[in-house]
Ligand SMILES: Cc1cc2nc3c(=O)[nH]c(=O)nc-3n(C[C@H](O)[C@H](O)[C@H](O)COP(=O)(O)OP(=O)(O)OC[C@H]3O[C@@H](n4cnc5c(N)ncnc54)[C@H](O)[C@@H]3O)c2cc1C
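Given as structure tokens, the chain that follows is alone and in the form predicted alone.
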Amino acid sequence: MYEFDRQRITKLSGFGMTQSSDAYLYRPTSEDQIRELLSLARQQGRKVTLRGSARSYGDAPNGSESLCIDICRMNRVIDWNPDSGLITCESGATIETLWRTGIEDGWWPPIVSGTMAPTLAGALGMNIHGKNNFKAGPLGNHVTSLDVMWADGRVETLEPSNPLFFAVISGAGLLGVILRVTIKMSKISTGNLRVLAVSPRDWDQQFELFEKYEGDADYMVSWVDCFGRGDQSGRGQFHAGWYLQSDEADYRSLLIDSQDLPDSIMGLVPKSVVWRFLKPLNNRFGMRFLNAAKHHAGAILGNHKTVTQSLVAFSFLLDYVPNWRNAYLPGGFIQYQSFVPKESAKHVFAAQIQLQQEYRLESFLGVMKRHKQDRFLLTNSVDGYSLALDFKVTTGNKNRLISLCHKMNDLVLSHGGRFYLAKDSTLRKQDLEQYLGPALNEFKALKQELDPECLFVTDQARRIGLI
């Protein structure tokens, strides 16, 4: 039986390492233990924060002075059906659990993020998207059922016929504890993709490439050099990926050993130390050089070339260099991602880059994707595009960076755009109210109905007015 133990006080932060808070950390292994912890929190007058692998960048996984329930130890695969592709897991299982379970039977997760580390509870709380959002939507589209424990300890199974399904998925862990999830995987005949690389020289070419390939590509993504100016603004490297057909498939590529990322570069340099070499370059001048080098190398060597790449290598770029985020220490970094309707995206993204350059706070990494709308209550998606931006945080630039982000927020909102809570560090209450509109009121009404004591909280929810 759990007891309230001050030795459990732990400093917790999001993936960007810029915001942290102390909480009482518990790591249950069963449904009964979670119910017990909810009771313990009430007895002690504490709020509860739900936490997975903490891949959200800002303060979404944090809860100041709360009782934090870390779901990661509840990670079993309960049932796997290689005939139907249906997999049922405890919610602490990860994206990695999904692909490792299914790939040798010819199944792949329908949606993956840029890292395989997120738990299913966290992935659905934020309703992650991938490089195929333009055709497959977010992860929630592929869930057939989920079991949720409400604040009073009751457990309910939700399916897409129940409106609560669309609120819990996207609900940022504020309505209840996701316990178990059933997902329909995607059938594949090979573990490889055919990947086309093209180097657009400006924003016009970026958008032309997405429009050209969105009709038949399985995946699309583009890197954007945020240091490009003038007629080179928007330059970068676009990738489209297609699953190989059965007549060109290498079935050995379905073996896990064929997918695992190597632990060294060219068999010589351990990847675990690469971040130490990146750290001296992780400044405005070093990243200007690296971005320019990447653009010119792509334009000269890889432009319009097609290569075969494994699903893991293509999908999980954030896992390629272990501990890469340490290169941003001591201040950490924020990721800023905005979603803008297709009619305005080119103008908004170009203006965002211009603002960064005026502030001399260029993003060190820019990633662009194509999206479609979905029906989840706190959705971030639009029929348009997203641009994700990484900003290094220092003592000297923090206030200017917040000011820049607020100006970019105003720009996005003035064109009907939205934001992604998993990558938020700087949203204001008025920003949330403007883009969610009536959906925010509906969410708060559900919160009052399902959690009248407001037991489930996060630092982010307090900051932006979700609770």
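Please read these numbers as outputs of a predicted model, since none were measured by experiment. Numbers follow the displayed sequence, beginning with 1.
Omitted from view is the form predicted in complex with the ligand, to which the following refers.
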Heavy atom of each of Pro61, Ala121 and Lys423 within 4.5 Å of the ligand in the model of the complex: yes
Considering non-hydrogen atoms and a 4.5 Å limit, which listed residue (Leu411, Leu401, Ala54, Leu427) is close to the ligand in the model of the complex? Ala54
So which of Thr88, Gln356, Asn291, Ser113 reaches within 4.5 angstroms of the ligand in the model of the complex, heavy atom to heavy atom? Ser113
In terms of non-hydrogen atoms within 4.5 angstroms, which of the given stretches 200-208, 233-241, 187-195, 128-136 touches the ligand in the model of the complex? 128-136
The ligand contact in the model of the complex: Lys369, any heavy atom under 4.5 Å: yes
Touches the ligand in the model of the complex: Gly140 (any heavy atom, 4.5 Å): no
Is it the case that Phe15, even though its partner is missing from this view, gets within 4.5 Å of the ligand in the model of the complex, heavy atoms only? yes
Quick one: does Ala345 come within 4.5 Å of the ligand in the model of the complex, counting heavy atoms only? no
For a quick check, can you give me the residues of 146-176 that have a heavy atom within 4.5 Å of the ligand in the model of the complex? Ala172, Gly173, Gly176
